Each structure stands twice: as structure tokens, then as C-alpha cells.
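Okay, here we've got a single chain as C-alpha cells, the form predicted on its own, with questions on binding and movement later.
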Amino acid sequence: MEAFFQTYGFLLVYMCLQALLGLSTYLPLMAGQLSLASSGFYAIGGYVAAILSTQVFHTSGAYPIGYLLLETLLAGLLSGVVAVVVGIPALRLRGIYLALATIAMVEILRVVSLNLSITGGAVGIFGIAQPFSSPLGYMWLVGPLLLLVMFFAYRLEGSRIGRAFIALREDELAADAMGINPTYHKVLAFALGAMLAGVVGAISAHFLNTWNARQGTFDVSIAVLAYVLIGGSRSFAGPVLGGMVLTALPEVLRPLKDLRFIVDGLLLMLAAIYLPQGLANPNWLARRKTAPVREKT
């Protein structure tokens, strides 16, 4: 087991982190919000952990796990506060206009981080202390966290709030007519996704040992959105499966060298065409139903 984690441990931990990041995009999408802001909140969480660990919590030896947990808590809270402040005006937009607004937020955060000395500017922050000496230690943290968030998403889907999210996704006007407050529930879904992304960012900063503005870019937003779309956007299992598969795919195709990027793109294109409901759809193996043939009279 130890030898296995020495070889594949980094990839397995990173797959779990990306699955969590996919869930952070799924939560607002559950309420019908096409948000691409997860990478921005991911960057905020990473900077919180990087700044606190390098400039506030000065320790010798192994980094205390208690400090890491405190950083993840603060990262989640700060990301949630920013999400509420940004979300109240931005979530009045719908569809592609909301996506553009969240992209603008991500770009603003990126430019700000490039021009602040506390974030290290374009160079970023290096030498972030690590609480674990091997990927196995991180797996004991990230694995249970992923299961806990999946359980939360599962219970949320069947709860009153989750049903309100789904009602907003299906028809906002009808949901409003039934007494569901669109603004409250949309901001709540947006904030929950932001808090999760911030927590993932804080853990990732320690795991990667460095943090810079490249962690929160438009490219990252598109990659995370692909996790949800390829995995499936109608269930919490979709982002988890999509995040793990799309994270592992480049490593599986590594023997193809430069051709792996072409093959990776082709596989994504085929999945989008032939599996429009996502990999997590239980009926994806079933053949498509053809149009009924009219009987001759």
C-alpha cells in the first residue's frame, strides 16, 4: 500500500481535490446558475492559507494540523462573505450574462493578486509549510472530506432547500409563484459553492507547496465546468466522477506523449456528443430510442 501511494499518491489526492472543486460548481448550478467563479474562490482560499502559513503562523518542524484546519475554516468563511457581497447584485443576471459576470470577477481577482505584495505578485508564494510528509497523509484528510461533502450534497438534493434549488433550475418564475424566494436561495447556493472552493484552495496550497495567480484563471474555470458537464449536472455523483476521470485521463494517456492532448480532446468531444447526460447517468449505456413508426391503416 505504501509503495502504491508513493507512485500514485499525488495523482489520487489531486483527483479528490478536483472532484471537490467540481462539486463547488455543481452547487450553484443546482439552482440554475451557470457560475464560473469557483476558480476565483479557489484562489482566495489558497492565498489565505499561503499568507497565514508563511507570514503569521511561524512554526518549526511539521506544520500543525490544527493550523491547517483553522486556515480552511477562515478560507471558507472569507470566500462565503465575498460570494454574498458579489452574489446579491450579480445573481440578478441569468444564463450567459451571469457566466460573463463571474468570469469578470475571476479576472479582477487575478489582476489584484498580480499587483499585491502580500500575494507575491506574479511570482506568488513559495515554501508553504506542509503538515504531511507524504500523499498518504493528505489522503486521510481529503478522502473523508470528499465523502462528507458527497453525503451533504446527497442530503441537500432531498431536502426542502435542495428541492427549492431544483425548482429554480427548472423554472424560476414558477418557483417564485410557489413562494420560493429566488434571491435568497440563489445567493445561498452561490455561497455554499464558494465556501467549498475556498476550503479546497486552502488544502491545495499546502499540498502543492506553492501558490500564485495561475491557480485562479479562466482556464481553470472552464476545466472545472467540464468536470460537471462530462460527469453529469443532474446529480452530485456527476462532478465527482467527471473530476476524477478528467484529472486522471492525461496521466493515463501520458505514454502517447504529445499526442495525448489530441486524444484527450477527441475523447471529450465524443463524450459530449454521445453522452449528453454525463457519465453518471445510469441510462447512458442504453440505446437511444428511435422515433416511433406509424402503423399503416
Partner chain sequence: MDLLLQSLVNGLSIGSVYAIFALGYTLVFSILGIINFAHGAVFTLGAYFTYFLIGGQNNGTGLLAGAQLPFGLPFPVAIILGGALAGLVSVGLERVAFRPLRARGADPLLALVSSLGAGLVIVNLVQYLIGAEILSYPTNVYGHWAEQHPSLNLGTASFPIQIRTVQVIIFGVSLVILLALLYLINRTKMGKAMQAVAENPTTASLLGVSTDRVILFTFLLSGLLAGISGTLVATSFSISGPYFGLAYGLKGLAVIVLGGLGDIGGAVLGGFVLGLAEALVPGEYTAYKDAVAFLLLFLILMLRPQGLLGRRLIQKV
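Just so we're clear, the structure is a prediction, and the values are computed from it rather than from any experiment. Residue numbers count along the first chain shown, from 1.
There is also a form predicted together with the partner chain; it is not shown, and the following applies to it.
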Check your understanding: Within a 4.5 Å heavy atom cut-off, is L259 in contact with the partner chain in the model of the complex?
Key -> yes
Review point. Looking at the partner-bound form in the model of the complex, is P89 within 4.5 Å of the partner chain by any heavy atom?
Key: yes
Practice item. Examine V252 and determine whether its closest non-hydrogen atom to the partner chain in the model of the complex is within 4.5 angstroms. Key: no
Check your understanding: Is L145 a contact residue for the partner chain in the model of the complex, using a 4.5 Å heavy atom cut-off?
Key -> no
Review point. Any idea which of 260-268, 64-72, 42-50, 236-244 reaches within 4.5 Å of the partner chain in the model of the complex, heavy atoms considered?
Key: 260-268
Study note, to complete from the structure: Checking L77, L93, V84, M139 against the partner chain in the model of the complex, the residue with a non-hydrogen atom inside 4.5 angstroms turns out to be L93
Practice item. Go through 208-235 residue by residue and record those having a heavy atom within 4.5 Å of the partner chain in the model of the complex; state none if no residue qualifies. Key: F218, D219, I222, L225, L229
